[in-house]
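Here you'll find one protein chain in two forms, each presented separately as structure tokens under the names structure 1 and structure 2.
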Structure 1
């Protein structure tokens, strides 16, 4: 081979080496682009998904808290209404209790009432001997109807007259002087007991009001909740 040929071959080889390198560099470059896109997309998708989940969770917490708050407020307002109902019903009872106090002012009617209450208590007790307690102010009235009461009881039950001992040491508490406070008081009526004190019939006006009130409570409530007629 002469120098020219060698030189030519060398040039060819140099070109070949360069070409190979550039092709390789190109491959690397293309692969780099592909990997760039894949990597970027992967990271984006993974992170976005995490963020979405995070915010979904946050939103859920917020929603739950809102529901709880609303439910609490609903409960609070329901309780308020129930409390108002209760207060109103109680105030009606208080109004009745107030009116009870004037019953004993009508001597004639009250006398008759006392008699009936005594007879009723005797019928309930069915005892031949009883103790009776009343208010100090009612003592005279009670004593004035005792006989009639005994007779009525005897007639109804066909038993001989019962023995009624009126307690003139201990009395039922008197009516309040001014407005009803917190002290115990009695609006009237009588309390009868068997001689051994084991059976007691509380036939005071106040006790009767309690019984009537409790009995009529469902009806009172119903009337309270009825829609006002337009």
Structure 2
């Protein structure tokens, strides 16, 4: 083999090695680019997941805040409605209390009512001796019906007349001079108690209104607010 043949073979070997090197370098470049793209996609998906999670977290916070605000507004509305209902119920009771003030204006009717209240109190006490208190303005009317009240009580119970002591030193509060306010007052009626003071029957018009109003309150509310409840 002469020098020309040797040179030719060397050049072929060089071209082969160069081609192998270029192909290998190309393979490495392609593999690196694929790996880079995969890693870039993974990072991108991870970031997207973080963004979605953050968005969902903030959306939940917004939803919770909206629910809390709605609940607070709903409760505030309910409180306003209940307050308005209570105000209306109170106004009805106040109107009834004002009507009580005129009952004592009719002497004959009020005299009969006082007698009935005394008899009713005696029947509830069933004591041989009792203490009676009334308004100062009603003292003469009360004294005028005492005997009749005793007789009616004795007739209903078949026992002797009870001893009724009218307190002429301590009286029930008078009726209000003007509109009903926060001062202590009494629209009429009587209070009877056992001598030892252990049993007290408050049979004033105001006390009877309170009892009647408490008993009738569910029915009053039902009639007033039936449409609202529906």
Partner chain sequence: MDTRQSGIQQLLAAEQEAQRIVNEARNAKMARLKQAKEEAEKEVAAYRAQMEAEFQRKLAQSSGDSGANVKRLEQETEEKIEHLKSQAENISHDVVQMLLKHVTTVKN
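In this text, the rigid core denotes the largest set of C-alpha atoms whose superposition between the two forms falls within 1.5 Å. Just so it is clear, the model here is predicted, and its values are computed rather than measured. Positions refer to the first chain, counted from 1.
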Which depiction, structure 1 or structure 2, is to be taken as the form predicted on its own?
-> 2
Core aligned, does the CA of residue 217 move at least 2 Å between structures 1 and 2?
-> no
With both forms fitted on the core, how large is the C-alpha shift of residue 21 between structures 1 and 2 in Å?
-> 3.6
Would you look up how far the C-alpha of residue 12 moves between structures 1 and 2 when the rigid core is overlaid, in angstrom?
-> 4.0
